[in-house]
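Before any questions on binding or motion, here is one chain by itself as structure tokens, the form predicted alone.
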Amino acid sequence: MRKKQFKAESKKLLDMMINSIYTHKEIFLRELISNASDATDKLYFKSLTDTSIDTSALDIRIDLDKEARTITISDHGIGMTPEELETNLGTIAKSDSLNFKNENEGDEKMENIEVIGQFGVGFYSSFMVADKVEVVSKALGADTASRWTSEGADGYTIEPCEKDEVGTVITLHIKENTENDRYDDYLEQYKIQELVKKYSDYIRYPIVMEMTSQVPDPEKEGEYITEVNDEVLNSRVPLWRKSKSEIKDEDYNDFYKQKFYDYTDPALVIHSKTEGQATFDALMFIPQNAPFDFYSKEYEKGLQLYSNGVLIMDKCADLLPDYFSFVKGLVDSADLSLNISREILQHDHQLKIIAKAIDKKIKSELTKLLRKDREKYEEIFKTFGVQLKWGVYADYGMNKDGLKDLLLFKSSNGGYTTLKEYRDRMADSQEDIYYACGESEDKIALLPQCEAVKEKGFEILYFTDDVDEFAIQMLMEYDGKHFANILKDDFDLSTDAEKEAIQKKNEDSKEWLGKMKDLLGDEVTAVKLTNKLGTHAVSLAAEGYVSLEMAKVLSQMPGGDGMKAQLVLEISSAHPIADKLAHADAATLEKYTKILYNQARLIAGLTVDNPTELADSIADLMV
């Protein structure tokens, strides 16, 4: 028996397969089970035209032997001849499964056949955990079997052997533990059970293994005996491949809670099957509550990715845009182009098609929920609405058109409103969509500018999230109407006559207004009289692009310490304080100026640099 050399170049290539392509050693079991499933599929395919083939026991078996340090994976599949062992296992990256798929493409009998292993590298992942691999295989219709043996890149041998049944048995001789790796773990029942559940839970054939358990002794009360029984480790039929009519709400809820470790039912379930440019099943969930680490750097978005029921990636980030990062779930497709390991995806055209379809589906389901169950949608939006708003702002507004109708804002009209609902309620005389920013809707409603706008019968959107104004600035307009911040200096609902009147008052009061500006220095860009504060005496307005709230947000960001809005101190021309200021002496004017400026800062939600001085000044006026 002569040792043969691998045909695919050398030891260097095999070392690369084992040590570089796969990042997790545990992948070996997934690869071998997938290969066993493929071999069983091929036998099943043959049985469709050959009724003499027995398909009554098409399972995959795993056996552990701790003393011998072996893992054995057996199947009742189609098996391999010596020539096929030579071709398929003697040439790295040779895939008999891929050839089988290509040869039978278009055959209607292939409709229910799922060929998983298509690159011909997965088998060699065995050498990540084994220092010796034996493959005993008997092909369908053959009289004898063959044994393929290899201890790694040095080569392999093939020799005849005895095997009663058709199929393949792969025996891995597990490596000894090292300082960095505990290979002993792969000889434990719990570990194999865990890996099957994680990667191969939805292989269509039963994956069977002897399981040891402690059960009550029927003859001795309070004592236990050890039982060893064959157990099926995999679920076999994925929930997402069942018809929706077969699935109850409890089934979805239980699946979600077990799969994604949540203790509450999902707020929304999205179950879809897509056919066309890409064919895939998707089962997605929107949680009721944000994950505890959702706003941390540690949070990883992504959907689980399966290929024909085999887990390929636990979190495929490319399947979800950031604004839907809160969505949990999975995608199962046989159409993906996978690279060497089936573990790392090529970011190819097919994946982008699936991601685009998922994005469209989530938007569609949220839009439907908004229309049919407003209360439930509002609950979801309270939890994840900020993420949708960031989606409008991010990437220079590239996604704003697809998200704008999913946004909700609190309003002076009461409760939440969409932009469309606000637009539909607008009076013919209203030129813009009005909004104001603040810490809460209650505090915004108390702002002096809001009183005047509401008195004119106009609705105001209340922006309470940091991202709100940034998103709206990126959106720019909605249905032909631009957005106007009522807290900006240039916002004015006055008539032409009213504008002329206030302009004249400012001209007549130029001297004492100028003195107030000098007293405040760079704190403000101007001090003005205004007619847009209702019954209130004073307020701050922002001049230029950066509003008060935008400046607050930007100043909290790295490098934003010097970020300030250009502030204008506005004094109501109709309030008695204006007349007092006009006739005040220098000392009184200085005291009034500081008090009014600090009052305006408090109203705007800004800090007061010297609250003690403010308190003392007010007390002095009271005595």
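Just so it is clear, the model here is predicted, and its values are computed rather than measured. We number the residues from 1 along the sequence you see.
Keep in mind that the form predicted together with a small molecule is not shown, yet the notes after this line are about it.
Worksheet entry | Answer range among 78 to 86, 226 to 234, 533 to 541, 459 to 467 for contact with the small molecule, defined in the predicted bound form as heavy atoms within 4.5 Å | Every other range fails; the passing one is 78 to 86.
Just to be sure I understand the contacts: of Arg69, Lys591, Arg61, Lys42, which is the one whose heavy atoms reach within 4.5 angstroms of the small molecule in the predicted bound form? Of Arg69, Lys591, Arg61, Lys42, the residue with a heavy atom within 4.5 Å of the small molecule in the predicted bound form is Lys42.
Quick one: from Ala36, Leu569, Leu29, Ala565, grab the residue that has a heavy atom within 4.5 Å of the small molecule in the predicted bound form. Contact residue from the list: Ala36.
| task | May I ask you to check whether Thr168 falls inside a 4.5 Å heavy atom distance of the small molecule in the predicted bound form? | result | Close contact exists here: in the predicted bound form, Thr168 approaches the small molecule to within 4.5 Å, heavy atoms only.
**Message:** I'd like to know if Gly122 sits close to the small molecule in the predicted bound form, meaning any non-hydrogen atom pair within 4.5 angstroms.
**Reply:** Close contact exists here: in the predicted bound form, Gly122 approaches the small molecule to within 4.5 Å, heavy atoms only.
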